[in-house]
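First, one chain by itself: the form predicted on its own, in structure tokens.
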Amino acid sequence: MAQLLIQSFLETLVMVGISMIVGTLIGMVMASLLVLTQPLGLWPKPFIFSLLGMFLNAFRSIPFIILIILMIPFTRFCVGTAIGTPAATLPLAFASSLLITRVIEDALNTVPKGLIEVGKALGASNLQIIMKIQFLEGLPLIISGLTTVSINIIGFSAIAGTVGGGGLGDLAIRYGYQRYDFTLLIFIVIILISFVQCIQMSGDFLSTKLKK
């Protein structure tokens, strides 16, 4: 049982890690574009802003279990299968990118307008203002938001296990629930709680350090 738990935990770790890295990269680009193109942004483009906003809101409203099913053809095309850890990572990365985009957008919009005006006065480009002023100033909030998203993605990874996505969720369904191994279920719950606590404590510590 110990070997199964370790293997499943590593699968969960891979799914969450890859999806968060990919989601953060996509989220940074999408959030920057939203902040730039908003009506009072550095490069106002209401049509692009509205289109991106509707896209994000539409897909964020879809429950994750349904999103996995909707993405099966695309997942099978990309990784050659619709089950297993690689297949589950793709919808997880997509879901995380949607959440992270809004987290980063909100953090960037909290930066005082005065700092942005100073950047303009110094001749900084829009990209420089976004990266060197807004991202740096909003970093504590971004870290805090990423911590919350990471915890959500751990929950999503468990949901992915119900459709053969691998990881602790899959182990809980196949061995804990279907074989009535409640001891295994308890161990999985303990591992998930510990995992979440470690992420939350690390995120809180880093966010607090960056605020000082």
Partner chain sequence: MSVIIKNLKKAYNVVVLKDINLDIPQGQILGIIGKSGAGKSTLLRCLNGLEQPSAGTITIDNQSFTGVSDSQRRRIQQKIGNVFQNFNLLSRLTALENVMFPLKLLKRSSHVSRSKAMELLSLVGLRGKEHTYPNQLSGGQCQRVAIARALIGDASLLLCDEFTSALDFETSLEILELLGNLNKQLRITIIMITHDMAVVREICDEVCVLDEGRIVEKNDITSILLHPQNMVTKSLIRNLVNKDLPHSLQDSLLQNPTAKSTAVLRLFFSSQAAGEPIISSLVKKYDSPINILFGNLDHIRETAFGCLIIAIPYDVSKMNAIMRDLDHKDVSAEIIGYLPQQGGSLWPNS
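Residue numbers count along the first chain shown, from 1. In this text, all values refer to a predicted model and were calculated from it rather than measured experimentally.
The discussion below concerns the form predicted together with the partner chain, not included here.
Student: Does any heavy atom of L122 come within 4.5 Å of a heavy atom of the partner chain in the predicted bound form?
Tutor: Because a heavy atom of L122 falls inside 4.5 Å of the partner chain in the predicted bound form, the answer is yes.
Student: Looking at the partner-bound form in the predicted bound form, is L136 within 4.5 Å of the partner chain by any heavy atom?
Tutor: Within the cut-off, so yes.
Student: Do T110 and the partner chain come within 4.5 Å of each other in the predicted bound form, heavy atoms counted?
Tutor: Looking in the predicted bound form, residue contacts with the partner chain do not include T110, since no heavy atom lies within 4.5 Å.
Student: Does L115 make contact with the partner chain in the predicted bound form, using a 4.5 Å heavy atom cut-off?
Tutor: Result yes; L115 sits at the interface with the partner chain in the predicted bound form.
Student: What I'd like checked is whether Q128, K132 and L210 together line the partner chain in the predicted bound form, meaning each has a non-hydrogen atom within 4.5 Å of it.
Tutor: Affirmative, all three are within 4.5 Å.
Student: Only one of 138 to 146, 74 to 82, 102 to 110, 88 to 96 gets a heavy atom within 4.5 Å of the partner chain in the predicted bound form; which is it?
Tutor: That would be 138 to 146.
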